[in-house]
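In structure tokens, the next block holds one chain alone, the form predicted alone.
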């Protein structure tokens, strides 16, 4: 019997702030952590990549290197960069995915460019008005998926409804929850609160077969009131960035407290380890990256400042999303709604 084909994941090795060192090191760790259950295609400057593999003593691992002569930087305009830099590591990797040569594409590069490349090169799933990105936020009991986390700053009710559908499917498949609870992020729990789009989205979700529990406020996200919290990308990105700043803020306050005497310093020393352990899952590197939901393929976007661990977890998340067939389920769900 022929053995099943291994997943192939393209990694934009030139996109992050510390590329390509962290990208290559993260790819090596991902292969070792998965016991080489998939293959990784490293896209970027061929000579530089081989040099990094040699430094990692990893040239024996199942890597393929595909040369790309250009790099899209954080300063580049997303759409313009895709047109002007057609041989960029991001574009080449995304085209490999479109052509079926890889099963997923991962990048810690310019977020707008990655989102644009996924949308323009891979194309949208049928009945998806706007692709979105969702990110898991640690909560009192497990996690909460916040969607949209920054892809679409201005949304209509239909867009919010689609985000809810895609978020529901993503949580159901990746978190193994049969019927995830869905809520709209709003300024009050009453259905009459919020923008016109939020009120109309409330009606659409209330009439749906999903487990919609109504509106929640910002303070409810960490209380695990819903498995999926839906909002536009303007609000979602602000919530996300605020949450990511909390650990460093707490560390800063503890440091200030410790300078006010020996007893304070001892108290902080005793509290530091449990605090770090309890806040570990608030580190974006633990999650790795966020998927672009609603495109014809698997794209994972990571922070430009991703550590080696963050790159590793991005690749592992790409494998997980590819295996779960999220896109097929999204297309089926939205086709049933008839949008």
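Since the model is a prediction, treat every value here as computed from it, not as a measurement. Positions refer to the first chain, counted from 1.
Another form, the form predicted in complex with another copy of the chain, is not on view; read the next lines as being about it.
J.: With the partner absent here, would 16, 96 and 99 each sit within 4.5 Å of another copy of the chain in the model of the complex, counting heavy atoms only?
T.: The answer is no: none of the three residues contacts the partner (heavy atom, 4.5 Å cut-off).
J.: Sort through 204 to 212, 256 to 264, 117 to 125, 165 to 173 and report the only stretch with a non-hydrogen atom within 4.5 Å of another copy of the chain in the model of the complex.
T.: Of the options given, it is 256 to 264.
J.: Consider the chain as shown here, without its partner, and state which of 268, 82, 157, 71 has a heavy atom within 4.5 Å of another copy of the chain in the model of the complex.
T.: In short, 268.
J.: Sort through 33, 55, 279, 61 and report the residue having a heavy atom within 4.5 Å of another copy of the chain in the model of the complex.
T.: Looking at the other structure, the residue within range turns out to be 279.
J.: Just checking whether residue 217 would be counted as a contact of another copy of the chain in the model of the complex - the rule being heavy atoms within 4.5 angstroms.
T.: Yes, residue 217 is a contact residue.
J.: Taking 4.5 angstroms as the cut-off for heavy atoms, does residue 237 touch another copy of the chain in the model of the complex?
T.: Output for residue 237 is yes: heavy atoms within 4.5 Å of another copy of the chain.
J.: Is there any non-hydrogen atom of residue 195 lying within 4.5 Å of another copy of the chain in the model of the complex?
T.: So residue 195 counts as contacting another copy of the chain.
J.: Contact between residue 186 and another copy of the chain in the model of the complex at 4.5 Å, heavy atoms?
T.: Yes, residue 186 is a contact residue.
J.: Going by heavy atoms, what in 245 to 259 lies within 4.5 angstroms of another copy of the chain in the model of the complex?
T.: 245, 246, 248, 249, 250, 252, 253, 254, 256, 257 sit within 4.5 Å of the partner.
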